[in-house]
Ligand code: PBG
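Next comes just one chain, in structure tokens: the form predicted on its own.
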């Protein structure tokens, strides 16, 4: 058999395929669509509340009535999935508002499904917004100081997920990073008859410096210490794969990597290893940096946002969770 000899053929020039917008679109390998986008939203008690988040221009804490308007507006431009975070009226050490039957998230889910039945409603399952100490579970003391009591927290997370399912959520997304939480949630959902309720696990969630603005938006900053005893060290890639493997083994139907642009290598490895629907969260710090630089005229907001989302898709992400979802959908429609 004759071997292929590149020199014996006319020289291919890749730039020939870049000569016009139409040609570039024709050969584009990675594509974005509005169906891949999820919009995070923050809901709080009250009416007619649309409270701006200072560090995140265009993002608001919303009462349920305003939340519905925001979701309708997003759906109008093609974003059909939202991720809900709740800010309760009162907080306590056990985060009881997270799993209360009439908690703020539960009320929001019921109203969203009533007003927009075909909207995909994803709920964040965690306690940090609801605890008086700002951590993601029950607190106990160890020789290293105060930290989250992993096993005691599992039952509270499971109760939270069940309460969201009972309210009508389409998908629950545990973000707490407790060991064993997916198995606990799966068991609790199944026992309550929610055998078809999917779980999207925040499977590789790093203790990232990019989360700062979110903690203002969700009013969830820890009152002491930090979350490094349960969220992942940013230096560890192999550990991320082990974390994802554990969640998949316990019953996760979808997995998430967080943050986004700083973890593209992890997204790639996760997708290659597990071949499950894989989400990536373009977190608050990523969004705020783009907004701030654009406001100063240093970058093109649209170009940088879309390039970042393309990079996440190119790395293997199927689902893009971003505060810029509505804007990205509009830009996609404009072509």
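Positions refer to the first chain, counted from 1. What you see is a predicted model; the values in this text were computed from it and never measured.
Not on display, but discussed next: the form predicted in complex with this ligand.
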| property | result |
| --- | --- |
| Option from 105 to 113, 128 to 136, 158 to 166, 235 to 243 whose residues, in the predicted bound form, bring a heavy atom within 4.5 Å of this ligand | 128 to 136 |
| This ligand contact in the predicted bound form: residue 258, any heavy atom under 4.5 Å | yes |
| In the predicted bound form, residue 99 touching this ligand (heavy atom, 4.5 Å) | no |
| Non-hydrogen atom contact residue 283 with this ligand in the predicted bound form at 4.5 angstroms | yes |
| Residue 227, heavy atom within 4.5 angstroms of this ligand in the predicted bound form | yes |
| Interface residues of 197 to 232 toward this ligand, as seen in the predicted bound form [heavy atoms, 4.5 Å] | 202, 205, 210, 211, 214, 215, 227, 231 |
